[in-house]
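The data below hold one chain only, encoded as C-alpha coordinates and taken in the form predicted alone.
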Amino acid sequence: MSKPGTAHVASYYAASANPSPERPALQGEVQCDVCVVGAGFTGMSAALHLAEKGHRVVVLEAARIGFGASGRNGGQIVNSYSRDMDVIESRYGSETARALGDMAFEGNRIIRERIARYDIACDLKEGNLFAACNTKQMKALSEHKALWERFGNDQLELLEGQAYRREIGSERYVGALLDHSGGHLHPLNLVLGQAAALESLGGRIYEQTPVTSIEHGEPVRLHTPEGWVVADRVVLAGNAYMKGLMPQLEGKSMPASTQVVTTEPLDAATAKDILPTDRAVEDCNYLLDYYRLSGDRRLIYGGGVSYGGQDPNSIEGVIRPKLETTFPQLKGVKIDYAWSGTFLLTLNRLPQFGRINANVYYAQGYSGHGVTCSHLAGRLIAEVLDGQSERFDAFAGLPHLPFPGGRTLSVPLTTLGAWYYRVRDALGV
(Lines give C-alpha, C1' and ligand atoms only; values in the text may rest on other atoms or scores of the structure.)
Protein backbone atom coordinates (compact mmCIF):
# COMPACT_ATOMS: atom_id res chain seq x y z
CA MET A 1 0.00 0.00 0.00
CA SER A 2 1.12 3.57 -0.70
CA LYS A 3 2.28 5.64 2.25
CA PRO A 4 0.13 8.66 3.23
CA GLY A 5 0.97 11.59 0.98
CA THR A 6 2.50 9.42 -1.74
CA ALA A 7 -0.65 7.94 -3.28
CA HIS A 8 -2.06 9.46 -6.43
CA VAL A 9 -4.12 12.58 -5.83
CA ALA A 10 -7.90 11.97 -5.91
CA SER A 11 -8.31 13.03 -9.54
CA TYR A 12 -10.44 11.79 -12.41
CA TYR A 13 -7.28 10.35 -13.93
CA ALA A 14 -6.49 8.25 -10.85
CA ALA A 15 -10.11 7.07 -10.65
CA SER A 16 -10.09 5.99 -14.31
CA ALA A 17 -6.52 4.71 -14.56
CA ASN A 18 -5.75 1.44 -16.27
CA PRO A 19 -4.83 -1.38 -13.89
CA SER A 20 -1.21 -1.02 -12.79
CA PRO A 21 0.56 -2.86 -9.97
CA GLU A 22 2.25 -1.03 -7.15
CA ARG A 23 5.98 -1.52 -7.56
CA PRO A 24 8.08 -2.40 -4.49
CA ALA A 25 10.39 0.02 -2.72
CA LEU A 26 14.10 -0.49 -3.25
CA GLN A 27 15.87 -2.57 -0.61
CA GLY A 28 19.59 -3.24 -0.63
CA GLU A 29 21.94 -2.51 -3.49
CA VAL A 30 21.23 -2.57 -7.22
CA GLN A 31 23.58 -1.71 -10.05
CA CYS A 32 22.74 -0.34 -13.49
CA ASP A 33 24.03 1.58 -16.46
CA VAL A 34 21.62 4.48 -15.94
CA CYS A 35 19.54 5.44 -12.91
CA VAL A 36 16.59 7.73 -13.63
CA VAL A 37 15.15 9.71 -10.70
CA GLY A 38 11.47 10.43 -11.24
CA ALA A 39 8.77 8.35 -12.93
CA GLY A 40 6.89 11.06 -14.77
CA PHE A 41 6.92 11.89 -18.47
CA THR A 42 10.57 13.01 -18.54
CA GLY A 43 11.84 10.04 -16.57
CA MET A 44 9.75 7.45 -18.38
CA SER A 45 10.53 8.89 -21.80
CA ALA A 46 14.25 8.88 -21.04
CA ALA A 47 14.18 5.41 -19.47
CA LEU A 48 12.24 3.89 -22.36
CA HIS A 49 14.49 5.43 -25.02
CA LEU A 50 17.55 4.20 -23.13
CA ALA A 51 16.18 0.67 -22.66
CA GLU A 52 15.42 0.51 -26.37
CA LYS A 53 19.10 1.27 -26.98
CA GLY A 54 20.12 -1.64 -24.76
CA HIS A 55 20.99 0.18 -21.52
CA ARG A 56 20.27 -1.41 -18.14
CA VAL A 57 17.90 1.13 -16.56
CA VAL A 58 16.61 1.57 -13.00
CA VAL A 59 13.93 4.17 -12.19
CA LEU A 60 13.47 5.52 -8.66
CA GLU A 61 10.15 7.19 -7.80
CA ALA A 62 9.47 8.80 -4.43
CA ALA A 63 5.72 8.18 -4.68
CA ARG A 64 3.81 6.47 -7.51
CA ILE A 65 4.39 6.48 -11.27
CA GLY A 66 2.85 9.69 -12.61
CA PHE A 67 2.34 11.12 -9.10
CA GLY A 68 3.28 14.68 -10.11
CA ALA A 69 2.34 16.90 -13.03
CA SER A 70 2.52 14.01 -15.51
CA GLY A 71 -0.51 12.35 -13.94
CA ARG A 72 -2.51 15.50 -13.15
CA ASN A 73 -2.25 17.87 -16.13
CA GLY A 74 -4.86 18.94 -18.65
CA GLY A 75 -3.91 16.15 -21.04
CA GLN A 76 -3.40 18.46 -24.00
CA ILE A 77 -0.81 17.72 -26.69
CA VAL A 78 0.33 21.28 -27.41
CA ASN A 79 3.29 21.90 -29.68
CA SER A 80 6.37 24.08 -29.12
CA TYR A 81 7.46 25.65 -25.82
CA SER A 82 6.08 28.08 -23.25
CA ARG A 83 8.11 30.79 -25.03
CA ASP A 84 7.61 30.61 -28.76
CA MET A 85 10.12 30.75 -31.58
CA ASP A 86 9.94 34.50 -32.22
CA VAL A 87 10.90 35.25 -28.60
CA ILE A 88 13.68 32.65 -28.72
CA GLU A 89 14.99 34.16 -31.96
CA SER A 90 14.96 37.74 -30.68
CA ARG A 91 16.65 36.85 -27.38
CA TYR A 92 19.07 34.09 -28.33
CA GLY A 93 19.65 34.45 -32.07
CA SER A 94 18.64 32.73 -35.28
CA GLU A 95 20.93 29.71 -34.83
CA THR A 96 19.39 28.79 -31.46
CA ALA A 97 15.90 29.46 -32.80
CA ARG A 98 16.49 27.18 -35.76
CA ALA A 99 17.88 24.41 -33.56
CA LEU A 100 14.94 24.56 -31.13
CA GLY A 101 12.48 25.16 -33.97
CA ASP A 102 13.56 21.95 -35.66
CA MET A 103 12.46 20.10 -32.50
CA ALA A 104 9.36 22.16 -31.63
CA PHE A 105 6.90 19.66 -33.13
CA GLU A 106 8.76 16.45 -32.34
CA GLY A 107 7.28 15.77 -28.91
CA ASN A 108 3.80 15.10 -30.23
CA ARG A 109 5.22 12.61 -32.75
CA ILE A 110 7.12 10.78 -30.01
CA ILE A 111 3.90 10.45 -27.99
CA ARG A 112 2.07 8.94 -30.94
CA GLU A 113 4.97 6.60 -31.67
CA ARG A 114 4.89 5.35 -28.08
CA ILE A 115 1.14 4.81 -28.13
CA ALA A 116 1.29 2.90 -31.41
CA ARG A 117 4.39 0.82 -30.66
CA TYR A 118 3.31 -0.29 -27.20
CA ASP A 119 -0.47 -0.26 -27.74
CA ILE A 120 -1.11 2.18 -24.89
CA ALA A 121 -4.80 2.77 -24.18
CA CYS A 122 -4.99 6.45 -23.21
CA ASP A 123 -7.99 7.93 -25.07
CA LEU A 124 -5.89 9.66 -27.73
CA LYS A 125 -7.91 12.20 -29.74
CA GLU A 126 -6.75 14.51 -32.52
CA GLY A 127 -6.48 18.30 -32.70
CA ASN A 128 -6.24 21.24 -30.33
CA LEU A 129 -7.37 24.85 -30.60
CA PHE A 130 -6.05 28.21 -29.41
CA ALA A 131 -9.08 30.45 -28.84
CA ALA A 132 -8.86 34.26 -29.07
CA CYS A 133 -10.84 36.29 -26.53
CA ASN A 134 -10.36 39.61 -28.35
CA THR A 135 -9.19 41.09 -31.64
CA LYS A 136 -5.64 41.63 -30.35
CA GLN A 137 -5.34 37.94 -29.56
CA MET A 138 -6.82 37.03 -32.96
CA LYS A 139 -4.18 39.11 -34.71
CA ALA A 140 -1.54 37.34 -32.64
CA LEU A 141 -2.93 33.95 -33.72
CA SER A 142 -2.56 34.93 -37.37
CA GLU A 143 1.08 35.82 -36.69
CA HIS A 144 1.47 32.61 -34.68
CA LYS A 145 0.29 30.58 -37.66
CA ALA A 146 2.84 32.23 -39.98
CA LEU A 147 5.59 31.67 -37.40
CA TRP A 148 4.89 27.98 -36.92
CA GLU A 149 4.59 27.45 -40.66
CA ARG A 150 8.05 29.00 -41.04
CA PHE A 151 9.35 26.30 -38.70
CA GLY A 152 7.60 23.47 -40.51
CA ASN A 153 4.09 23.02 -39.08
CA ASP A 154 1.80 22.85 -42.12
CA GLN A 155 -1.24 21.50 -40.24
CA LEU A 156 -2.69 24.79 -39.04
CA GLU A 157 -6.09 26.27 -39.82
CA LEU A 158 -7.14 29.80 -38.90
CA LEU A 159 -10.83 30.06 -37.96
CA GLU A 160 -11.80 33.71 -38.27
CA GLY A 161 -15.00 35.25 -36.98
CA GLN A 162 -17.77 32.79 -36.19
CA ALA A 163 -16.03 29.96 -38.02
CA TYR A 164 -14.70 28.79 -34.66
CA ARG A 165 -18.27 27.87 -33.62
CA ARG A 166 -17.99 24.65 -35.61
CA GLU A 167 -15.42 23.64 -32.95
CA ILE A 168 -16.51 25.38 -29.72
CA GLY A 169 -20.06 25.91 -28.49
CA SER A 170 -19.30 29.17 -26.70
CA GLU A 171 -19.85 32.85 -27.49
CA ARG A 172 -16.74 33.84 -25.55
CA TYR A 173 -14.32 34.03 -28.49
CA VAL A 174 -13.69 36.00 -31.67
CA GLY A 175 -11.82 33.26 -33.54
CA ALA A 176 -9.35 30.42 -33.10
CA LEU A 177 -6.33 28.62 -34.53
CA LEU A 178 -6.70 24.87 -35.03
CA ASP A 179 -3.57 22.72 -34.90
CA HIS A 180 -4.44 19.41 -36.53
CA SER A 181 -1.13 17.93 -35.31
CA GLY A 182 -2.05 18.52 -31.67
CA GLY A 183 -4.47 16.48 -29.63
CA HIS A 184 -5.38 15.28 -26.16
CA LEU A 185 -5.29 12.13 -24.05
CA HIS A 186 -5.43 10.56 -20.58
CA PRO A 187 -1.98 11.55 -19.25
CA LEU A 188 -1.76 9.14 -16.33
CA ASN A 189 -2.60 6.18 -18.57
CA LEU A 190 0.06 7.34 -21.01
CA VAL A 191 2.81 7.32 -18.38
CA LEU A 192 1.58 4.03 -16.88
CA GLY A 193 1.69 2.51 -20.36
CA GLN A 194 5.27 3.65 -20.84
CA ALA A 195 6.20 2.17 -17.46
CA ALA A 196 4.84 -1.20 -18.53
CA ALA A 197 6.73 -0.88 -21.83
CA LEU A 198 9.96 -0.17 -19.95
CA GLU A 199 9.52 -3.25 -17.78
CA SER A 200 8.85 -5.36 -20.86
CA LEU A 201 12.36 -4.39 -22.02
CA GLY A 202 13.96 -5.33 -18.70
CA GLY A 203 13.89 -1.95 -16.98
CA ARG A 204 13.24 -1.87 -13.24
CA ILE A 205 11.01 0.62 -11.41
CA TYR A 206 10.97 1.17 -7.65
CA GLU A 207 8.11 3.20 -6.17
CA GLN A 208 7.96 4.72 -2.67
CA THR A 209 11.73 5.20 -3.01
CA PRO A 210 12.86 8.81 -2.54
CA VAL A 211 16.50 9.63 -3.17
CA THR A 212 17.87 11.05 0.07
CA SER A 213 21.36 11.94 -1.15
CA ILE A 214 23.69 11.55 -4.11
CA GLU A 215 27.38 10.71 -3.93
CA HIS A 216 28.82 12.10 -7.14
CA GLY A 217 31.71 10.25 -8.72
CA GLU A 218 32.40 7.42 -11.12
CA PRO A 219 30.16 5.54 -10.56
CA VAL A 220 27.41 7.57 -8.85
CA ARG A 221 25.83 6.25 -5.66
CA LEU A 222 22.20 7.25 -4.94
CA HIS A 223 21.01 6.65 -1.39
CA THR A 224 17.39 5.80 -0.52
CA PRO A 225 15.77 5.00 2.86
CA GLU A 226 16.36 1.25 2.59
CA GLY A 227 19.02 0.85 -0.07
CA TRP A 228 21.15 2.44 -2.75
CA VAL A 229 21.81 2.36 -6.48
CA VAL A 230 25.24 2.27 -8.06
CA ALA A 231 25.01 3.73 -11.57
CA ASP A 232 27.44 4.71 -14.29
CA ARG A 233 25.19 7.64 -15.18
CA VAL A 234 22.19 9.40 -13.67
CA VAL A 235 19.21 11.32 -15.05
CA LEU A 236 17.45 13.68 -12.63
CA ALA A 237 13.88 13.99 -13.86
CA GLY A 238 11.80 14.92 -10.81
CA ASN A 239 10.94 18.41 -12.07
CA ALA A 240 9.09 20.26 -9.25
CA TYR A 241 9.85 17.44 -6.79
CA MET A 242 13.66 17.57 -6.79
CA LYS A 243 14.10 19.73 -3.68
CA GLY A 244 17.50 19.23 -2.11
CA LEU A 245 19.06 17.16 -4.89
CA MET A 246 20.01 20.06 -7.19
CA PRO A 247 20.47 23.06 -4.86
CA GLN A 248 22.40 24.99 -7.52
CA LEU A 249 19.22 25.21 -9.63
CA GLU A 250 16.57 25.86 -6.99
CA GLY A 251 16.79 29.66 -7.20
CA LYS A 252 16.36 29.45 -10.99
CA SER A 253 12.93 27.84 -10.86
CA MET A 254 9.71 28.12 -8.92
CA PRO A 255 6.94 25.59 -8.24
CA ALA A 256 3.51 26.69 -9.41
CA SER A 257 0.18 24.91 -9.34
CA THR A 258 -2.81 24.87 -11.63
CA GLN A 259 -6.32 23.72 -10.78
CA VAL A 260 -8.52 21.25 -12.67
CA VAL A 261 -12.09 20.00 -12.31
CA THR A 262 -13.99 17.23 -14.05
CA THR A 263 -17.75 17.23 -14.43
CA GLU A 264 -20.15 14.35 -14.23
CA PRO A 265 -20.55 12.49 -17.55
CA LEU A 266 -22.45 14.63 -20.06
CA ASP A 267 -25.13 13.28 -22.35
CA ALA A 268 -24.13 12.95 -26.00
CA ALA A 269 -26.15 15.99 -27.12
CA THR A 270 -24.61 18.30 -24.50
CA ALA A 271 -21.10 17.09 -25.25
CA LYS A 272 -21.63 17.72 -28.97
CA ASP A 273 -23.07 21.16 -28.21
CA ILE A 274 -20.02 22.38 -26.28
CA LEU A 275 -17.26 20.65 -28.26
CA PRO A 276 -18.74 19.39 -31.54
CA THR A 277 -15.51 17.91 -32.92
CA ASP A 278 -14.10 16.70 -29.57
CA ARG A 279 -10.88 18.69 -29.73
CA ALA A 280 -8.93 20.26 -26.85
CA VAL A 281 -9.03 24.04 -26.31
CA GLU A 282 -6.94 26.62 -24.53
CA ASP A 283 -7.52 30.36 -24.66
CA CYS A 284 -4.89 33.00 -25.34
CA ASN A 285 -4.92 34.81 -22.00
CA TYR A 286 -1.74 35.07 -19.94
CA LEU A 287 -3.41 33.03 -17.17
CA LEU A 288 -5.24 30.79 -19.56
CA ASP A 289 -8.20 28.43 -19.30
CA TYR A 290 -8.00 25.00 -20.95
CA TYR A 291 -10.55 22.25 -21.42
CA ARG A 292 -11.50 19.11 -23.32
CA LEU A 293 -13.79 16.10 -23.17
CA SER A 294 -12.66 12.87 -21.54
CA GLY A 295 -13.13 9.45 -23.10
CA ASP A 296 -16.41 9.07 -21.19
CA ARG A 297 -17.74 12.55 -22.13
CA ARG A 298 -16.86 14.49 -19.00
CA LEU A 299 -15.66 18.07 -19.37
CA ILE A 300 -12.15 18.44 -17.95
CA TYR A 301 -11.64 22.16 -17.28
CA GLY A 302 -8.55 23.81 -15.83
CA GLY A 303 -7.20 27.29 -15.30
CA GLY A 304 -5.45 29.68 -12.99
CA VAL A 305 -2.00 29.49 -11.47
CA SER A 306 -0.95 29.61 -7.83
CA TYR A 307 2.70 30.66 -7.56
CA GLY A 308 4.70 28.81 -4.96
CA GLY A 309 2.53 25.72 -5.37
CA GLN A 310 -0.08 26.51 -2.70
CA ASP A 311 -3.64 25.34 -3.37
CA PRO A 312 -6.66 27.67 -3.12
CA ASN A 313 -9.22 27.01 -0.39
CA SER A 314 -11.74 25.75 -2.95
CA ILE A 315 -10.64 24.49 -6.34
CA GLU A 316 -14.24 24.24 -7.54
CA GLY A 317 -14.79 27.81 -6.30
CA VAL A 318 -11.93 28.99 -8.54
CA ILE A 319 -12.80 27.00 -11.65
CA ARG A 320 -16.61 26.82 -11.73
CA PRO A 321 -17.08 30.55 -12.57
CA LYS A 322 -14.63 30.19 -15.48
CA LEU A 323 -16.35 27.05 -16.74
CA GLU A 324 -19.81 28.61 -16.55
CA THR A 325 -18.63 31.81 -18.23
CA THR A 326 -17.34 29.76 -21.15
CA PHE A 327 -20.33 27.40 -21.23
CA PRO A 328 -23.43 29.01 -19.64
CA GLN A 329 -25.37 25.93 -20.78
CA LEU A 330 -23.50 23.96 -18.11
CA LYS A 331 -24.54 26.21 -15.22
CA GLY A 332 -24.98 24.08 -12.11
CA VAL A 333 -23.35 21.00 -13.64
CA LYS A 334 -22.12 18.54 -11.02
CA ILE A 335 -18.37 18.49 -10.42
CA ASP A 336 -17.18 14.96 -9.65
CA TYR A 337 -13.44 15.64 -9.24
CA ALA A 338 -11.32 18.67 -8.36
CA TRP A 339 -7.55 18.67 -7.90
CA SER A 340 -4.40 20.67 -8.44
CA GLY A 341 -1.02 19.83 -9.91
CA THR A 342 2.39 21.37 -9.35
CA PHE A 343 4.67 22.19 -12.27
CA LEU A 344 8.03 23.98 -12.42
CA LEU A 345 8.32 27.50 -13.76
CA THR A 346 11.52 29.11 -15.04
CA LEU A 347 12.13 32.83 -15.35
CA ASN A 348 12.49 32.76 -19.14
CA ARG A 349 9.73 30.08 -19.45
CA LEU A 350 12.11 27.75 -21.33
CA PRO A 351 13.10 24.30 -20.07
CA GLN A 352 16.33 23.70 -18.19
CA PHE A 353 18.50 20.93 -19.64
CA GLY A 354 22.05 20.34 -18.53
CA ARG A 355 24.77 18.43 -16.71
CA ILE A 356 25.79 18.66 -13.08
CA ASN A 357 29.01 16.87 -13.96
CA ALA A 358 30.21 14.43 -16.61
CA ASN A 359 27.73 11.68 -15.72
CA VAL A 360 24.70 13.37 -14.11
CA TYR A 361 22.11 14.98 -16.41
CA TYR A 362 18.84 16.78 -15.78
CA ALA A 363 15.78 18.11 -17.64
CA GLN A 364 13.03 20.16 -16.00
CA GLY A 365 11.14 23.46 -15.93
CA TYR A 366 8.71 23.14 -18.85
CA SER A 367 6.64 26.04 -17.48
CA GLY A 368 3.25 24.61 -18.42
CA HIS A 369 4.23 22.97 -21.75
CA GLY A 370 5.45 19.70 -20.34
CA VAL A 371 3.40 17.04 -22.08
CA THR A 372 5.21 17.28 -25.41
CA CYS A 373 8.53 18.80 -24.33
CA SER A 374 9.13 16.18 -21.62
CA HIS A 375 8.85 13.42 -24.24
CA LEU A 376 11.34 15.28 -26.42
CA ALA A 377 13.61 15.65 -23.39
CA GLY A 378 13.66 11.89 -22.89
CA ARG A 379 14.82 11.31 -26.46
CA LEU A 380 17.52 13.98 -26.21
CA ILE A 381 18.82 12.54 -22.94
CA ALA A 382 19.11 9.12 -24.57
CA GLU A 383 20.96 10.72 -27.47
CA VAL A 384 23.47 12.58 -25.30
CA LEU A 385 24.16 9.49 -23.20
CA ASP A 386 24.99 7.71 -26.46
CA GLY A 387 27.43 10.45 -27.44
CA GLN A 388 25.14 12.54 -29.68
CA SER A 389 25.07 15.84 -27.78
CA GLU A 390 24.20 18.47 -30.40
CA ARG A 391 20.43 18.57 -29.87
CA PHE A 392 20.63 18.32 -26.08
CA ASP A 393 23.22 21.09 -26.00
CA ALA A 394 20.95 23.42 -27.96
CA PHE A 395 18.79 23.53 -24.82
CA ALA A 396 21.67 23.22 -22.35
CA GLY A 397 23.20 26.39 -23.80
CA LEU A 398 20.19 28.56 -22.91
CA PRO A 399 20.98 30.99 -20.07
CA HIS A 400 18.83 30.65 -16.93
CA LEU A 401 18.79 33.45 -14.37
CA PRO A 402 17.47 33.29 -10.80
CA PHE A 403 14.08 34.78 -10.01
CA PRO A 404 14.39 38.36 -8.71
CA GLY A 405 14.12 38.70 -4.96
CA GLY A 406 15.39 35.21 -4.20
CA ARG A 407 13.19 32.57 -2.63
CA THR A 408 11.61 35.09 -0.23
CA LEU A 409 10.27 37.61 -2.76
CA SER A 410 9.97 35.58 -5.97
CA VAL A 411 6.39 34.45 -5.31
CA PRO A 412 4.89 37.90 -4.52
CA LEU A 413 6.81 39.56 -7.35
CA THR A 414 5.68 36.92 -9.86
CA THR A 415 2.11 37.17 -8.58
CA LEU A 416 2.21 40.95 -9.06
CA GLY A 417 3.43 40.47 -12.63
CA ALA A 418 0.67 37.96 -13.31
CA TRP A 419 -1.92 40.43 -11.98
CA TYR A 420 -0.63 43.02 -14.46
CA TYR A 421 -1.12 40.64 -17.39
CA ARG A 422 -4.53 39.53 -16.10
CA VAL A 423 -5.66 43.16 -16.22
CA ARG A 424 -4.29 43.51 -19.76
CA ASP A 425 -6.17 40.37 -20.82
CA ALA A 426 -9.39 41.72 -19.31
CA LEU A 427 -8.98 45.03 -21.13
CA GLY A 428 -7.93 43.38 -24.40
CA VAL A 429 -4.76 45.44 -24.65
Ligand SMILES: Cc1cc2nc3c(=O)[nH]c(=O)nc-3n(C[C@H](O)[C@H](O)[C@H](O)COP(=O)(O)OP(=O)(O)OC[C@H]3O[C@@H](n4cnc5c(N)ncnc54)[C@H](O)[C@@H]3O)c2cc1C
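Given the structure is predicted, the values throughout are model-derived calculations rather than measurements. Note that residue numbering follows the sequence shown and begins at 1.
Although not depicted, the form predicted in complex with this ligand is the subject of the following passage.
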Which residue, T326, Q76, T263, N189, is the contact with this ligand in the predicted complex, using a 4.5 Å heavy atom cutoff?
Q76
Heavy atom within 4.5 Å of this ligand in the predicted complex: which of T209, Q194, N128, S253 fits that? Just give me the one.
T209
Can you tell me if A39 lies within 4.5 angstroms of this ligand in the predicted complex, counting non-hydrogen atoms only?
yes
Any non-hydrogen atom of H369 within 4.5 angstroms of this ligand in the predicted complex:
yes
With the cut-off set at 4.5 Å between non-hydrogen atoms, does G341 touch this ligand in the predicted complex?
yes
Any of the heavy atoms of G238 lying within 4.5 Å of this ligand in the predicted complex?
yes
At 4.5 Å between heavy atoms, only one of the stretches 396-404, 378-386, 48-56, 31-39 reaches this ligand in the predicted complex; which one is it?
31-39
In the predicted complex, does each of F67, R72 and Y290 have a heavy atom within 4.5 Å of this ligand?
yes
Scan 240-265 and note down the residues that get a heavy atom within 4.5 Å of this ligand in the predicted complex; none is a fine answer too.
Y241, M242, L245, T258, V260
